[in-house]
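The same protein chain appears twice below, in two forms, each given on its own as structure tokens and labelled structure 1 and structure 2.
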Structure 1
Amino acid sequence: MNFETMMNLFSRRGILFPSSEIYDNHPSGFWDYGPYGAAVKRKLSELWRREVIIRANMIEIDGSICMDADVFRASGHLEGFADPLVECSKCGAIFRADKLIEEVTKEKAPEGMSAEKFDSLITKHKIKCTSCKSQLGATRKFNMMFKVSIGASKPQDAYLRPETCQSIFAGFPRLVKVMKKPLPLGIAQIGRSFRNEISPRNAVIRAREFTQAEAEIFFDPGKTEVENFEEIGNYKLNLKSEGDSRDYSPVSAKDAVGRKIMSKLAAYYLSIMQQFLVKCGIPLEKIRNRELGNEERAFYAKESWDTEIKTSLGWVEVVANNNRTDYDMAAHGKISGKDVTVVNPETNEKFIPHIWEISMGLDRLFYCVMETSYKKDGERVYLSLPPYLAPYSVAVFPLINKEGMPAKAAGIAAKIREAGIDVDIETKDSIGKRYARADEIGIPFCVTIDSQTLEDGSVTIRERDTKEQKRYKIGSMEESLRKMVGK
């Protein structure tokens, strides 16, 4: 199984496809989710809310995607949000320098390096244009912000946000006041972000429009204790710390803190995120938490860990975990001229809150979950998705499209919906082809109505992964399905 196999499945089943694809000149880096893909993505969002926001007692907002230029002046995006771009001197092909170096050398090139260091590596490894084999020009930085103009008579410069967190930072003074909650306070958001990538590739792994699920935890730097740490203290994380050449061996959260591998904040939130990924169906052996070195992490970050998932494309960063210190709030306070401090209720002293960030790419997670769930049994292909992530929990099939079976199937589907279970009903093609379609999009249970149903009121329920079939009376079917799908 490889990336091309997944994209073929996505295309055939309308799970994921290029935006505006009927037009020959549609821009790359923009993707549409069809009904099945949109359902899985929505359920991933719901799972994240339940397992991260609710579990960690956070609050959630929904911020605007378009923000004033001063927001990004404060955040540093106007000056520093740039990728290294290199252009072929002959054919004009454009590449992202760090990814080009990585593809040729098979070694990760840190994003934060200077243009001169990228040029040095390109020269050292004799890297040329992959299109025409000509020499490459000098590396330059390309700002990836999407600029927009607001208003008619006196247009105001604004930008589409490149990350959802800035609306959380800008809204914090009001939120901490009206919500009446003490620190540490987690504020979360799921929403679209936009980055004008130099070379978008691998579908939603690196796109120009994408969905982020982010949580910013505001805390007093003088109080680093974490409430409920004991509940994850013995949970084992797949870790590799800076400078550690060993395999990603499991280390308990409390041991990681005790051995000073990471802070208590990092251990707590990395544990929550790793547990979340396991609930998404990702095997533990395909998850690793890698500490970023000085050249990789942002200049303002005190501590940084990437949570990565192993795929056919290699290890894919899905979650960025950072101690952003007070950089963001101090910068927004300075540029806006507003008070962003918080009062310590014990000492009555003011301080600028520090931030622990969890930033997850929902589209990347979607791809990783779908690829991980891909199974092939002879000629049969199926997605072994957890039932709560499948596009439909149940499919209802009349064995044949006559003898009253379609009407009976419609009635049974209605009963299943009334039980709070999402259901699809399909009558086209043979029962074998319908099973195959249900398998390929990951529906875990199929209810079949046949002649026996008309005689004794029983149906067949087929389980996706094992293909096992059992008969149930219609009266007990709904409750059995609720248990099967985890309702």
Structure 2
Amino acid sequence: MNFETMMNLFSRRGILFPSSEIYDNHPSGFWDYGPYGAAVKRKLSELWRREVIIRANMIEIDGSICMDADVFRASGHLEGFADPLVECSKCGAIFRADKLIEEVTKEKAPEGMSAEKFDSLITKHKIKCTSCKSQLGATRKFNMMFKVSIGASKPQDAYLRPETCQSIFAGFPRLVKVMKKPLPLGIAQIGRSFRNEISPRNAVIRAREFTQAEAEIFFDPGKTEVENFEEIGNYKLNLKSEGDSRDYSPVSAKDAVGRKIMSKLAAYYLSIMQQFLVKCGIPLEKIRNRELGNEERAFYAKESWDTEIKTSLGWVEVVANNNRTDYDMAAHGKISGKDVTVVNPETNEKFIPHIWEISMGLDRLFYCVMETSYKKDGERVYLSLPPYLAPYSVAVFPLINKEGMPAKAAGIAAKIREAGIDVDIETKDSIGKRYARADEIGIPFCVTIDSQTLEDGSVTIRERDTKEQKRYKIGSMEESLRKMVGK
């Protein structure tokens, strides 16, 4: 199984496909989720809400995608969120200057290097176009935000946010006042972000429009105790630290803090997130938390861990965990001229809150959940998704489309739905084909209505992973399904 296998499945079942695909020249990096994909993505959001947001006592907002240019002046995106690009003077191929230089020198270019410095390194190392070997043009900085022009009479520049957290930062001064919650205060959001990637690739792994599930925990830097730390103290984190050649080495959250591998904040929120990923069905051995070294870390970050998931594309960064310090709120305070401080109730002193960030790519998580659940059993293909993440928990099949079976199936589906379980009815093709189709999208339980159903009111329930079939009486079936689905 590899990336192509997954894309093939996505395409065949309409799970995920290119946006505007009927137009041959549609821009790349934009993806639409069909019904099964949209359902899994939605259920991942719901699980995140329950297992991260509610569990860790956060609040959740829903902000605009399009934001004032000043927001990004403050955040540094207007100035710094740019890739250094070089174009071949002959064939027009376009490259990232830093990546080209890295390939030759085997060294990572430091962040924030000027265009001139890139040009001199390209000259020094005699780097040419990798496709036609011609001379490269001058390096230019290409800002990755999408700009829009607002209004008709005096148009005003605005940008599509490149990360959802900027809505949280801009809203914080009001929210901390009106919500009457003390710090640490976690504010979360699920929403779209946009980045004008130069080479979007690997479908939703690097897309231009994507969904993030971010949580920003505002805290007093003088108080880094974590109230509910005991909940996860003995939970073992899969770690890959700098200079650690092992792929992962489980260390309890408590020990990770005691041995000064990480801060208490890091240990708490990495544990919450790792437990969440396990609930998503990701095998523990495919999860690792990797500390970022000085050169990899964002310039404002004090401590950074990437939570990665192993896929056929290698380790994919799914969650970025950062101590962003007071960088964000200080910058927004300075550029807006507004008071962004919080008062310490004990000392009455004002301070700018620091932020621990948990930034998750929901589309990347979606891909990883789908790929790691992909199973092949001879000719049979199935997704071993947890029942609460499957596109439908239950599919109902009338064995044949006559003798009153379809009507019976509709009635049974309605009963299952009343029990709070989502259900689909499939009537087309042979029962074998229908099982195969249900397997392929990960439906955990198939309820089949046959002639015996009409006689004695019993149905078969077939379980996806084991293929086992058992008969249940209508009436007791609903409660059994509830238990199996985990309701």
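Throughout, rigid core stands for the largest set of C-alpha atoms superposing within 1.5 Å between the two forms. Bear in mind that the values here come from a model prediction, so they are computed numbers and not experimental data. One-based numbering along structure 1's sequence throughout.
Matching each structure to its source, the form predicted alone turns out to be structure 1. Regarding the hinge between rigid parts between structures 1 and 2, the matching entry from Glu426, Gly420, Asp326, Asn143 is Asn143. Once the larger rigid part is held fixed by C-alpha superposition between structures 1 and 2, the smaller part shows a rotation of 25 degrees. Once the core is aligned between structures 1 and 2, the alpha carbon position of Leu100 differs by 6.5 Å; this is the C-alpha shift at that site.
A C-alpha shift of 3.8 Å is found for Pro84 between structures 1 and 2, based on superposition of the rigid core.
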